[in-house]
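Next up: a single chain in structure tokens, the form predicted on its own.
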């Protein structure tokens, strides 16, 4: 790999869980120690192949995100080994944002303290819900009491930046229950909250139960009410919405995710991890054995890659930029692509503004409150159907 193609954002995928959640279609496997050890051996080899081992050639990182799966189902010793790999092959900037995802049922005071001492400074807790009934429908292994305990233990360990993931539109979930959950989460005083509408993915047990009629999906009207409730309750608590699904206190926006939303480059390591490097999008082998087989031959474990065309690069930059509440930076867009947005899509921006779906604020183009409710439909208006670079 060319040194100058390495980005400043690193994602590590740990593909193990105690038990797969009933709504999840991410790549993950049941945890066992032998497979975890095999994975760590492979991850070390992939890092060496990607960036080499010379200390004077280490690449600086501004964000690190260890996700999964459930990273914290690994032992503390294994997690520290992975963190040491990262430190040994990259340079962490003085202000690095170093995140690890955790299930509240897989952490304790000792593990959190060890992670904090090792340099992890942002904890992302998969709380998801606050009632045992909804947690059970989702197939989560933890209780809300464990979520509360995990936040307390994280504070005692020295974490000053805690995110809590939540899911709404769960079958059987009511607006009142969701509002109560938001209030309980707010009481824990997290610096960041991610609130996602449930996606019923093909092949998941939850989707099968809904399709069979055993569970009733949330109706669209209730889902919109839940979304509005999240925005209102979290804003009142000092958590400003800065992206369609994300809310943060001042200065606590997730720097790693901002790399994605600005459509910038990032390196992903581990089975099924995705990368965007040097104008190429790629993903690793998802199967652990296939991942290891490639690495054992001295090859990178890339299963799929494609060149990012200029048209797709433009569309993705617009799509992701409009996800942010501040909107798409029009000057940044012009500098990146050499031409203004209005020239590439003549008349479209004005039409969407006139319909009350987009608005201009300074040098940004952003979704209105009405536009947020139909965000995907608005973004898809920018799908390139002809070569927009010829306009």
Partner chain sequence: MEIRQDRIRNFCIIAHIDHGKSTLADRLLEYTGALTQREMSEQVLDNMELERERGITIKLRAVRLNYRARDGQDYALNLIDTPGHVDFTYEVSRSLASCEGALLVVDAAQGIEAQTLANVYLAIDHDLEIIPVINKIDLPAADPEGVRNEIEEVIGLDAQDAVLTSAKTGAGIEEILEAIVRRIPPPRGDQKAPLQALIFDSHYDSYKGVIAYFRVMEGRLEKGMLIKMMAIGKEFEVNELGVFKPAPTLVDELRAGEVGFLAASIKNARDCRVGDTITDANRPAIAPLPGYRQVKPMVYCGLYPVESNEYGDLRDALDKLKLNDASLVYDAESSEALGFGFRCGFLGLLHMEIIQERLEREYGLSLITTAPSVMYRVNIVTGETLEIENPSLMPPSGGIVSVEEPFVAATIMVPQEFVGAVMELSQERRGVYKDMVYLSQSRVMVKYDLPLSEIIFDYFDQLKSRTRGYASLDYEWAGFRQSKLVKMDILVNEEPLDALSFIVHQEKAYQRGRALVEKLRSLIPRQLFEVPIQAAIGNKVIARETVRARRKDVLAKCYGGDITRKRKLLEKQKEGKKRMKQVGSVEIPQDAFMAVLNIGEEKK
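Positions refer to the first chain, counted from 1. Here the structure is a predicted model, which is why all the values come from computation and not from measurement.
In what follows, reference is made to the form predicted together with its partner chain, a form of this protein that is not presented.
Student: In the model of the complex, do 196, 201 and 261 all put a heavy atom within 4.5 Å of its partner chain?
Tutor: Every residue of the spot touches its partner chain in the model of the complex.
Student: Pick the stretch from 295 to 303, 314 to 322, 174 to 182, 88 to 96 whose residues have a heavy atom within 4.5 Å of its partner chain in the model of the complex.
Tutor: That would be 314 to 322.
Student: Identify which of 186, 231, 109, 224 has a heavy atom within 4.5 Å of its partner chain in the model of the complex; exactly one of them does.
Tutor: It is 224 that has a heavy atom within 4.5 Å of the partner.
Student: Of these, 244, 138, 157, 78, which has a heavy atom no more than 4.5 Å from its partner chain in the model of the complex?
Tutor: So the residue touching its partner chain in the model of the complex, by this definition, is 244.
Student: Taking its partner chain as it sits in the model of the complex, is residue 21 in contact with it (heavy atom to heavy atom, 4.5 Å or less)?
Tutor: Contact with its partner chain, no.
Student: How about residue 379: is it within 4.5 Å of its partner chain in the model of the complex, going by heavy atoms?
Tutor: Yes - in the model of the complex, heavy atoms of residue 379 and its partner chain come within 4.5 Å of each other.
Student: Answer with yes or no whether residue 191 is in contact with its partner chain in the model of the complex, where contact means some heavy atom within 4.5 Å.
Tutor: Residue-level check for residue 191: no, no contact with its partner chain.
Student: Does any heavy atom of residue 274 come within 4.5 Å of a heavy atom of its partner chain in the model of the complex?
Tutor: Because a heavy atom of residue 274 falls inside 4.5 Å of its partner chain in the model of the complex, the answer is yes.
Student: For 24 to 43: residues with a non-hydrogen atom within 4.5 angstroms of its partner chain in the model of the complex?
Tutor: Contacting residues: 25, 26.
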